[in-house]
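Presented below, as structure tokens, is a lone chain in the form predicted alone.
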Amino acid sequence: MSTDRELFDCIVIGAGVQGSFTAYSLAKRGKRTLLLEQFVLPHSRGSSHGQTRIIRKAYVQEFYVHMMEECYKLWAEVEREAGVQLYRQTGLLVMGPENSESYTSVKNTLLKCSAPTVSLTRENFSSHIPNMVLSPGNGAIVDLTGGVLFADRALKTAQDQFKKYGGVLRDQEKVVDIKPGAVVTVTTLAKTYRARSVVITAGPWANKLLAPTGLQLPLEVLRINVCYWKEKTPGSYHVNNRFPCFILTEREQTDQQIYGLPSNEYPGLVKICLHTGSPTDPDHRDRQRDRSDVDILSRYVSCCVPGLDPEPAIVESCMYTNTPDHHFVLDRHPQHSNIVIGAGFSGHGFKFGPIIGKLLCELSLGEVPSFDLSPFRIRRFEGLSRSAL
């Protein structure tokens, strides 16, 4: 095994959206940065692939709303810098039982944070959102800033800009060992590298990489069925027809969110998914065959999205890496301050890519982060994780 004697300022492990934006942020600041990816790029084995994601301010927690306020600006900055469109504003329709905690909390937070919104009533809902049915007892509010992120394009743009700033990207290099120290040694199947700091953004593989450092986090990896539903009338749910992204906070059969995006990436197909899945091993993801979520979605589509066929036309796979509270991990290693961890994005991290990249960059440089990271600290898991934190 050959050794790369060059000393990097930082090695980022995992070239998904969080790792790619972390590496981009470091290189933009003139830091000698290596970005390592275990698979050949681009790939569909992790959590960052696919053409679209929802971007929104609609959250229960105010700290996410405030992070997104800067993140929208950072997305726009990357668009200008690269000369590509990464975001399309469609609005995000939030629905849920009017008196439920989940729906009222999102609505109240949007209003408290003065996010641009429009409240819909049962009387005017169908004139604003044709081809959808608002369930009895449900309320509806539109987060006007919401829309579609072009995910594959965003990921490639972050990687391309990273390389333009002098960053080194090496795919098909699986990391097999990390040795902490004043200089961290990272060994892949191909080479051994050295860096003043390391950032681990390895998604479902985070705990496997953390094992040599003596740390394990309470992370659960889920396989998600990503479902696409065919329009009965072509174009009726298309992004050009002003059909919005949407989130249903809960339904009789599930307390998990159902979310959807207009037809765009696959002509004539609308993306509607349940915000959960089944536990899986990331190295054997496609052995998982549970389709109970598809049954829940089929009943919902039949009832509330009548312009779609009630059976999915395409079912793809993705993975979530969940923490117990569904908030991220953005922190330095408890024993090794020059090892930084970005993990547990719990199926809602993509939209935060630029701001998370900035924050992990700041942590790796020993700086005070530009946002309060107390909701994302490792110490909140004391008593839950499988090692002393």
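Keep in mind that this is a model prediction, so the values were computed, not measured. Numbering starts at 1 and follows the sequence shown.
Keep in mind that the form predicted in complex with a small molecule is missing from the display, and what follows is about it.
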### Summary
Among Q216, Q257, S105, T185, just one has a heavy atom within 4.5 Å of the small molecule in the predicted bound form, namely Q257
### Task
Go through R32, H348, K28, H333 and name the one with a heavy atom inside 4.5 Å of the small molecule in the predicted bound form.
H348
### Query
At 4.5 angstroms, heavy atoms only, are R56, Y59 and I247 all close to the small molecule in the predicted bound form?
yes
#### Entry: Touches the small molecule in the predicted bound form: Y64 (any heavy atom, 4.5 Å)
no
### Message
Using a 4.5 angstroms cut-off on non-hydrogen atoms, would R194 count as touching the small molecule in the predicted bound form?
### Response
no
### Message
At 4.5 Å between heavy atoms, is H128 in contact with the small molecule in the predicted bound form?
### Response
no
### Query
K230 near the small molecule in the predicted bound form, any heavy atom under 4.5 Å?
no
### Task
Please determine, with the chain shown alone, which of 257-265, 232-240, 113-121, 306-314 has non-hydrogen atoms within 4.5 Å of the small molecule in the predicted bound form.
257-265
